[in-house]
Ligand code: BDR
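The chain below stands alone and is given in structure tokens; this is the form predicted alone.
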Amino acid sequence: MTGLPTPVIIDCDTGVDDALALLFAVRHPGLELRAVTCVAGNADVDQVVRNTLTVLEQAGAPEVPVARGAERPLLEPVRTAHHVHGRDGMGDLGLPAPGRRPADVDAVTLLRREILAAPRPVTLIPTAPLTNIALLLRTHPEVTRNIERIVFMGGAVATGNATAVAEFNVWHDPEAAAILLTAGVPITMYGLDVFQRVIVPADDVRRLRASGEPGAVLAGRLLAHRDPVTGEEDPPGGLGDAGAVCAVADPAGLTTELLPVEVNLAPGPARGQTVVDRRPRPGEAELHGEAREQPLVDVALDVDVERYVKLYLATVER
């Protein structure tokens, strides 16, 4: 361990939980947020840029470059998640317009520049559909020499949310997710299996909202919005995407297994599924010559929920 902070770049579609992830990344002393790139997903890309700049401003972040990226997936149409994140992607909290401006370069250009300029290999944290990352890897494959690891929020071993088997970020742009898996660098998949479990108790959400410090108050308001529609006045809140950033800051809280993963690109009900092979030995398909080369991914199978909730709160309230 060098004791130096880990250089990270977040690629996001700032909705509610991407905002929670940004707040954490800005405030954790072990992370150096070098840049943020924006892509269509939870909201359209221009709204995502605005939301990202607003969150960084509210968090009191240093001047981190923010760039606009892909406005639609490689093949699919845009399919936003306003039903989850509100019309503005930020829970319709009525946040002010940001005073900050985005960078004058596009996301792929900024990603290439910041990755290659970093004095130490960068950890890339995509919390969104993977369109920008796919375009980067295909346009500038040389960046992989200075990428330590990609920790992406996406996919699912068990059950999907966009469909019965597909998670939203991968379903939104399955081809981009398939390209990510060919990056040739270590990859961690922080999927729905752990994503949905990290819940901040209602008492903590209430304390954040009452804190008076703008970043902590914003975290509290966002967490309160994250509750499914239960009608609760005072809900607990899921960390969602922020858990992937917690996993970079404190990887020991995550239990992973190195497993073959591929993305189903076929049309039909399984499109966008991350097919994770947990079999202990080859099956009939392989024995009959139907084996395909599948990249090995550190797939998150379990998470220390209390550890990450404590880590998140201690960081955002510090």
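One rule holds for the numbers: they count along the sequence shown, beginning at 1. The structure presented is a predicted model; accordingly, all values stated were derived computationally and were not measured.
Below: the form predicted together with the ligand, not depicted.
Proximity to the ligand in the model of the complex, taken as heavy atoms within 4.5 Å, picks out 162-170 from the listed stretches 136-144, 243-251, 116-124, 162-170. Listed residues Ala107, Val198, Leu218, Leu192 were compared with the ligand in the model of the complex; Leu192 is the one with a heavy atom within 4.5 Å. Residue Met153 is the only one of Leu223, Met153, Ala177, Leu111 with a heavy atom lying within 4.5 Å of the ligand in the model of the complex.
Residue contact check for Thr37: none of its heavy atoms lie within 4.5 Å of the ligand in the model of the complex.
In the model of the complex, Asn42 is the single residue of 42-66 with at least one heavy atom within 4.5 Å of the ligand.
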